[in-house]
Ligand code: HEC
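To begin, one chain is listed below as structure tokens, in the form predicted alone.
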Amino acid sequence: MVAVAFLLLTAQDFAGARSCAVCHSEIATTQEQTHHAKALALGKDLRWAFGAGAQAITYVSQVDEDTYLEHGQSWYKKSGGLALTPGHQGPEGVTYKTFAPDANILRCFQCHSTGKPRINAARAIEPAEAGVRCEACHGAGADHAAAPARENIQNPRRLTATQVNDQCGQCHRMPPAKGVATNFENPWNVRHQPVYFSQSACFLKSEGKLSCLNCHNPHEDTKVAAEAQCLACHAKPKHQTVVSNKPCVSCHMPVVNPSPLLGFANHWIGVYRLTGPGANLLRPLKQGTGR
């Protein structure tokens, strides 16, 4: 529904982050420094940089009026240099048709920008606002900027946990629909947080209380101390091994490395066998699928 509603909006429906900053200056100033806000940038060489560089940056450039190239080499923070782009078989890159029926390249720009992208006279994609800014989560805000009211702006805090997960899933991959098979054995899929989070017993049994927003402040890169969230339900966890002072997430949301240069926390919260024979960081030993 969110994607369908977005298609019905026009450029005039969006106000832009500068308009939001008129009343919400502190939040806007903080948010513009986040990885989300820096998710897309145009370089001097006219290559689009996708990603803020927290882990990597992938480059995209226009080849001709109907073709974009996703470069075969991305920059990785861990190595400080270039290496093969995820999903690519060679350094030559992958081309996408701008007006292809699947609209893959347009969706890339849409998720890494805010507002309605447009096609200019040179048939190039022009994001309305580079990066994931205010209206990506709060919805088109022109009406709200003109006459601020609680009723004419979206606030994710008013959504249920499932609705928040679905909203984040618009770009981070939607949770699987009932009956739809998902390959949870593929380590690359761990980067799709809403997919794995939707399987967690913690999420499923929270009765709508545990959402992405409990641990992630959308206006900052810093994370809320997850320990407080865990202890709200697990005040006296029964551990069968010594845990020392390790944070809960280090064991119950283990980092999966689909490649030596990338690592993603597994959002399928559970009890994992971390080492030894049968170690598996993709599926927990104790789980609640809810499917």
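Predicted model only: the values in this text are computed from it and were never measured. Start at 1 with the first residue shown and count on from there.
From this point on, the text means the form predicted in complex with the named molecule, which you will not see here.
Novice: Does any heavy atom of Lys116 come within 4.5 Å of a heavy atom of the named molecule in the model of the complex?
Specialist: Lys116 lies outside the contact set for the named molecule.
Novice: Using the partner position in the model of the complex, report whether Gly141 sits within 4.5 Å of the named molecule, counting heavy atoms only.
Specialist: Heavy-atom contact with the named molecule at 4.5 Å: present for Gly141.
Novice: Is Ala279 part of the interface with the named molecule in the model of the complex - any heavy atom within 4.5 Å?
Specialist: The answer is no: Ala279 has no heavy atom within 4.5 Å of the named molecule.
Novice: Though only this chain appears here, would Pro176 touch the named molecule in the model of the complex if you measure heavy atom gaps against 4.5 Å?
Specialist: Residue-level check for Pro176: no, no contact with the named molecule.
Novice: If you check Ser79, Asn155, Asn186, Thr160 against the named molecule in the model of the complex, which one has a heavy atom within 4.5 Å?
Specialist: Residue within 4.5 Å of the partner: Asn155.
Novice: Select from 221-238 the residues with a non-hydrogen atom within 4.5 Å of the named molecule in the model of the complex and write them out in sequence order.
Specialist: In sequence order, Asp221, Lys223, Val224, Ala226, Glu227, Gln229, Cys230, Leu231, Cys233, His234, Pro237, Lys238 come within 4.5 Å of the partner.
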